[in-house]
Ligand SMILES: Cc1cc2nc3c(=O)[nH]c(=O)nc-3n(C[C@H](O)[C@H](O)[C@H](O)COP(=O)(O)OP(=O)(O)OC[C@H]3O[C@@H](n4cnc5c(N)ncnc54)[C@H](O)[C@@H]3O)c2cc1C
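As structure tokens, one chain now follows by itself in the form predicted on its own.
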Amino acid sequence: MAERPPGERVRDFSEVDTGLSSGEAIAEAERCLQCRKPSCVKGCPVEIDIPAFVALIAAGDFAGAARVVKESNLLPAVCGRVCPQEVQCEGQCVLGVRESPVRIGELERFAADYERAHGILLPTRAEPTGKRVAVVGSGPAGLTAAAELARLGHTVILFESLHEPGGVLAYGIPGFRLPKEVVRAEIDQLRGMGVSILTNHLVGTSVPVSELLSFDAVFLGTGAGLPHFMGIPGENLSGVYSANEFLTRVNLMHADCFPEFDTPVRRAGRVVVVGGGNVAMDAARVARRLGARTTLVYRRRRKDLPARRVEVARAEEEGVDFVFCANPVRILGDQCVTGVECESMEVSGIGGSKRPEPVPVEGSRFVIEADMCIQAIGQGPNPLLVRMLPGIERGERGNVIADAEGRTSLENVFAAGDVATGAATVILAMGGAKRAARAMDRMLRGC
């Protein structure tokens, strides 16, 4: 799939990928072997009938391909852009043994984009059941649960605390990876299916917990909105951000357009981003687009980076500098950040996380000049609502404890996505929400 050149794209927030042409999509779809036992489907958390939709693309029936995808996934344009297909469906493709696997993610995106351009067909809904379900949070898990429950005939009210729905899709992932008009178009399908989306509604304050629990069933999809910090000196200085705050200010609140919009963000000359995951890559690439010289510091080796390889490559193409085997120990400055003091690390054996364990190298400290430091070292489940739910069982990390079908310790309350698992991928949250929605449907029907 073609992409815009780095020198052009680093100056704006427009999408990097340009998508497949019809001819390219057909040619790629024709590579599919149409296996009798398709292992690619087993690698898809939302169980899309991959051979069926790929065959329709090969036949030129693009609208039909989109319909097949949407039987299992109402957010195909999102998933086609941000899911790690290389370790899921494409990672299971038998063609990958000897050559490149079928580019399933690009084909999913193509089908979804075609439908959006030529008219979206809403899924059919079952007969109304008369049951009312509350969904809290409009991220990937909440949207998936709401879509499945509405499709099954239930009345769904979705509560979102922010002014725009989408959760991490809206505030966490930059527009150059996931355009906001794509997110809005897919959310509009839920409205077309009858889902009521109430923004600026914070459950527990503007919506009392008693009102929430009056519904026939409740789904918690509040995500992982509690950022982690390193706990090193200097974190209270002006110019220190969590990646969560930094990306929310730019992605959702248009801080890149200040003062046209009222949300400011520091315009730094030199930025240090700490971390090695996809969120760290997003923060570093956003900082570059805001004009900063950006250095990403990661405490392990390059080959240990958890971020998708394509995102690492694009960050480098766009001018992000990488410092590997280093870890910040102090943020320097008086009132504002002036630098980040780091120490070199060396990798020893495998630690408790089943990853190479970095250990400090004595006498190896050095300073990277900076006037902003963004910490992208992970985040935990959003604690605001779950602390108010009487009797709900939580784990040591603050996550809601839920079984494989999303059941919690509270009757009629289900949970899935990051609030239950901790920070994970969009598609895994969607898969968990889909299983929970099915279990909720069975409970509501008394099955």
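Numbers for residues come from their place in the sequence shown, where the first is 1. Since we're looking at a predicted model, the values are computed, not measured.
Note that the form predicted in complex with this ligand isn't included here; everything after this is about it.
The closest heavy atom approach of Asn382 to this ligand in the model of the complex falls within 4.5 Å.
Among heavy atoms of Val272, none comes within 4.5 Å of this ligand in the model of the complex. Contact check for His118: every heavy atom lies farther than 4.5 Å from this ligand in the model of the complex. At the 4.5 Å threshold, heavy atoms of Gly172 reach this ligand in the model of the complex. With the partner omitted here, the residue from Gly339, Pro358, Pro84, Pro328 that has a non-hydrogen atom within 4.5 angstroms of this ligand in the model of the complex is Pro84. Contact with this ligand in the model of the complex, defined as a heavy atom within 4.5 Å, holds for exactly one of Ala313, Cys257, Ile232, Leu202, namely Leu202. Using a 4.5 Å heavy atom cutoff, none of Ala147, Met193 and Ala436 lies near this ligand in the model of the complex. Judged by heavy atoms within 4.5 Å of this ligand in the model of the complex, the contact stretch among the candidates 148-156, 319-327, 172-180, 364-372 is 172-180. Residues of 143-164 lying near this ligand in the model of the complex, listed in sequence order, are Phe159, Glu160, Ser161, Leu162, the criterion being any heavy atom within 4.5 Å.
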